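Next up is one chain by itself, shown in structure tokens, the form predicted on its own.
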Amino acid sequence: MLVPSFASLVEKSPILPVLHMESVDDALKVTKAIYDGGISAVEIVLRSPVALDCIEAISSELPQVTVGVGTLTNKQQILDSVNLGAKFLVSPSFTTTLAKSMIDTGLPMLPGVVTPSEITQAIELGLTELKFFPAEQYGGINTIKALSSVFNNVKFCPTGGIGPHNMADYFGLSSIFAVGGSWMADKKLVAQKDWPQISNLTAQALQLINRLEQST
């Protein structure tokens, strides 16, 4: 099965907000704030008891946003998330079993890799868009450069330790098509319900990318 391009999903705003939400209401407010800031796709990670409820609510109440699911580690999570409205799939890890289950949905997907062996297994399944996670902890830019010199047909979306302080360095690599991060929806901002600041940080991130594109 041909897997839809994940890069096309984030082409206009190549930052994927990674959201760990503890409340459905907060998830809706944060997602709306991010959308108002210019990003129309968000990833809800399966790290809280209400994560699936958040996906269902965003899918139903904010149809202008493309909501996906992250931290997938088994087939049942994939099925549950898709049934509740997830439009793309992200995993922190790679196994052929998990990847095949993701492929079977026909949705855009990003399995997580960090090693040449994992990348090779992904390529064997026809996958060339991969998440590099956790990016900074596994050597960040230097590791991606080394991997890209061998796997020059693979594009990466690094996630983990990425923010305004180093985002430009990552986008300086031709093998990067997007980055994932949670800085625009920091836990303190969510706790303070500072939705305007979340919108501002989202807009600032996109402005930085626009400046980078104009300078190249």
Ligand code: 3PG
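A residue's number is simply how far along the shown sequence it sits, counting from 1. What you see is a predicted model, and the numbers here were worked out from it, not measured in a lab.
The next section is about a form of this same protein that is not shown, the form predicted together with this ligand.
- No residue in the set Ser13, Gly38 and Arg211 has a non-hydrogen atom no more than 4.5 Å from this ligand in the model of the complex.
- When contacts are judged by a 4.5 Å heavy atom cut-off, Ser59 does not count as touching this ligand in the model of the complex.
- Within this chain, Val18 lines the site of this ligand in the model of the complex, having a heavy atom no more than 4.5 Å away.
- Not displayed here, this ligand is approached by Phe133 to within 4.5 Å at the level of heavy atoms in the model of the complex.
- The closest non-hydrogen atom of Gly161 lies within 4.5 Å of this ligand in the model of the complex.
- Contact with this ligand in the model of the complex, defined as any heavy atom within 4.5 Å, is confined among 61-69, 24-32, 175-183, 145-153 to 175-183.
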